[in-house]
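A single chain, nothing else alongside it, follows as structure tokens in the form predicted on its own.
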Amino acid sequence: MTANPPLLAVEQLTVSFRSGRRESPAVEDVSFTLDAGETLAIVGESGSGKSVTSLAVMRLIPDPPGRINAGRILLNGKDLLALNDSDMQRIRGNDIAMIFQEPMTSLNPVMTVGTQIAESVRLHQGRNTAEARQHALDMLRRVQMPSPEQRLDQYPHELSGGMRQRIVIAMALACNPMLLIADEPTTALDVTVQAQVLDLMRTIRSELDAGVLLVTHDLGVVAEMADRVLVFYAGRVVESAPVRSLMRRPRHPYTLGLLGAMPRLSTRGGTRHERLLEIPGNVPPPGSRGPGCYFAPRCAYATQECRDAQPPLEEKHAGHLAACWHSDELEEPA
């Protein structure tokens, strides 16, 4: 018997951006899979290629200056990069939906929230105005919006940040997508609202059996939400592992540095904050990366081998992959 293909399979994806006459890769040779009902987190610093990868899956890379140079993006075995624009429009918002980082940039300020939710329902499901409005109301109830009948006819500026994020989630889920991409969905929210949004996303994932691609820099959110983790650095995947395996024993120095930079509390001799560790240096910009490991200039474990040759992404433990020549030498995380 042939095993079912993964819900999403990204194969050797490369995305570049042009500046003047120069074209530089922002994402290089990235491959991963995501199954239905699974949450895959992508983590890394700003400029690591996380959001570019998610936009590539949606086919939303601005061209120009961006371009998908190589690779395949398979949704249930169908290559999205081979589709024409009209076919992709039918998939985007229906089979694949995206929750953006800042709600105000993805909401129309001159349309009521009910109209904006109903718009995708009319477009993708062919419902009339009354049916679409009722579905919009049902979606507001589904995302636990307070006083949903009142919110339906309000404008985005009349709502709080947490309410606007619920509107964006309601829009994304209006057509019951099989794949949900969440790009930093809790960044601008306070901790109470953040917890509510994460609970909502867990509930929705369970109800729809949807795959969730979660883009974040917050390892606390990753530990709470994800099944597996991809660690991006300078446009490449440097580590891939089940979330518990990665938290307990990272196999790449960059991941170890990210874990060391997480806030921690110590109760020895009373509650106090421990000083955060830092990773020296910065992510190298596209076009200025050397032939070896891109993390080598910032890495305490780097040798001449690291500076000369890019290490392959290979299995270090069961289901745990890393691109590092010195994985077995890393210290245990704090």
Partner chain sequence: MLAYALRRLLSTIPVMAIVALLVFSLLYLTPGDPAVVLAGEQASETDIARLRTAMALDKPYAERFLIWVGGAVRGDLGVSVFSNRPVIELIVQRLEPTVALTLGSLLIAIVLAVPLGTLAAWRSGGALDRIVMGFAVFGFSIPVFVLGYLLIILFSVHWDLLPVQGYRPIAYGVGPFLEHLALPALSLGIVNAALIARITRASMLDVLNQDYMRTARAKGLSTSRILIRHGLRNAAVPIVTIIGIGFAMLISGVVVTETVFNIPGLGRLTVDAILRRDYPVIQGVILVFSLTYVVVNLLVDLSYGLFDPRIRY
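Bear in mind the structure is a predicted one, so any value in this text is a computation, not a measurement. Positions refer to the first chain, counted from 1.
The following text describes the form predicted together with the partner chain, which does not appear among the structures shown.
Give me the residue from 196, 240, 216, 106 that has a heavy atom within 4.5 Å of the partner chain in the predicted complex. Result of the distance check: 106.
Pick from 306, 299, 58, 283: which residue has any heavy atom within 4.5 angstroms of the partner chain in the predicted complex? Checking each option against the partner chain in the predicted complex, the one that comes within 4.5 Å is 58.
Is it the case that 255, 310 and 323 all touch the partner chain in the predicted complex, with a non-hydrogen atom of each within 4.5 angstroms? None of them does, since no heavy atom lies within 4.5 Å of the partner.
According to a 4.5 angstroms non-hydrogen atom cut-off, is residue 120 in contact with the partner chain in the predicted complex? Yes, residue 120 sits close enough to the partner chain in the predicted complex that at least one of its heavy atoms falls within 4.5 Å.
Contact of residue 205 with the partner chain in the predicted complex (heavy atom, 4.5 Å): Close contact is absent here: in the predicted complex, residue 205 is far from the partner chain, nothing within 4.5 Å, heavy atoms only.
Verify the contact flag for residue 79: yes if a non-hydrogen atom of it lies within 4.5 Å of a non-hydrogen atom of the partner chain in the predicted complex, no if not. Residue 79 lies outside the contact set for the partner chain.
Can you tell me whether residue 171 touches the partner chain? I mean in the predicted complex, with a 4.5 angstroms heavy atom cut-off. Answer yes; at least one heavy atom of residue 171 falls within 4.5 Å of the partner chain in the predicted complex.
Taking 4.5 angstroms as the heavy atom distance cut-off, pick the stretch from 244 to 252, 155 to 163, 217 to 225, 71 to 79 that is near the partner chain in the predicted complex. In short, 155 to 163.
Heavy atom within 4.5 Å of the partner chain in the predicted complex: which residues of 110 to 124 meet that condition, in order? Stretch hits, in order: 110, 111, 115, 116, 119, 120, 123, 124.
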